[in-house]
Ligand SMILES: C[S@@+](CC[C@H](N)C(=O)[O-])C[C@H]1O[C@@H](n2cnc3c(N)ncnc32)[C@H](O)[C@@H]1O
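As a starting point, one isolated chain is supplied in structure tokens, in the form predicted alone.
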């Protein structure tokens, strides 16, 4: 039995209380298998409490997805067989804005049994054979609150996106307007926080990997897309706890969004005044690094958390990173990982609103889709860019056999 079947086999029979009732014992059984596949530093990170919250939030996003489907009449649009594009046209949605999100909504519901799907001329088609169930998202919120209220910032972000999803799909509002308006900054501060277990898992896995693979000596670390600073904070805390802060000669934090960069600099300096020399600058990973003050062969580690999957041209960015590294230097990234090709993940519900996420430059072999990549796709992309000794922590290829939606891992490669 895998973790998803613990929740329910039928979308109209889901009950969040089940996850906190007799389902917990079953989740613990799966967790015991997963724990044996985790390296020791990650066993306290991916525990039963996290896994229960992960499944609850997956259920919450499912209910929001059903709500959006009903709000924009996509359920009526698939009363007869239709591709995602045909369904969007029938529902009167904007063809450009809705292309990726509608495809995701339909595939997400099909994977959970709410919608029927088939392949026709190599393109998936969808059919609603029964009325979508009425599942109240608020019920999951209350179950999550009782289990671990620290995860609620993720719920707030998802609910914020869901509220304006119809306007986005109709082309009336952009993703930037919905998600990146100045008034939304406090929501992102709470979401991209090490106090939020549903996000900190990436920060803590990344920090554990960086510390495990960091060589002894004087290292210069360049962080890309550092956001609001929680990834850097997790790294500096991990290195301090391991007694290895002395192995860092300099930590160069970079972020493209000015408001994020300003807040991160202030917050990190307050918390780590005695850390290794810190510097803060803007850096666009889609432009040549040398033009932005990063000289060739000038850093020993490049680090990034949930950043490279939004590179417009992943091959270009990996090439710039490799050029910035000294020979023998390492690229270490912590990413949301797509466990298998075509699988939908709940973070995509929100981030599909952003064009940088859903519409990068594609490559059929190395970058076949926007958003998240599988471990095999990451490994091929690193190798194609000239990185050696490419490795993944934890072994997500084995973990997905028992926990199919487990999505967090670090990938590293050496110049």
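Residue numbers count along the first chain shown, from 1. Please read these numbers as outputs of a predicted model, since none were measured by experiment.
Note that the form predicted together with this ligand isn't included here; everything after this is about it.
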item	value
Contact stretch among 132-140, 88-96, 269-277, 225-233 - heavy atom within 4.5 Å of this ligand in the model of the complex	225-233
Close approach of residue 305 to this ligand in the model of the complex, 4.5 Å, heavy atom	yes
In the model of the complex, residue 199 touching this ligand (heavy atom, 4.5 Å)	yes
Partner proximity in the model of the complex: residue 285 to this ligand, non-hydrogen atom cutoff 4.5 Å	yes
Close approach of residue 257 to this ligand in the model of the complex, 4.5 Å, heavy atom	yes
Residues 104, 343 and 362 all lining this ligand in the model of the complex, heavy atom within 4.5 Å	no
Contact assignment for this ligand in the model of the complex, among 192, 251, 126, 168, heavy atom within 4.5 Å	192
Single option in 178, 187, 310, 336 placed near this ligand in the model of the complex, where near means a heavy atom within 4.5 Å	310
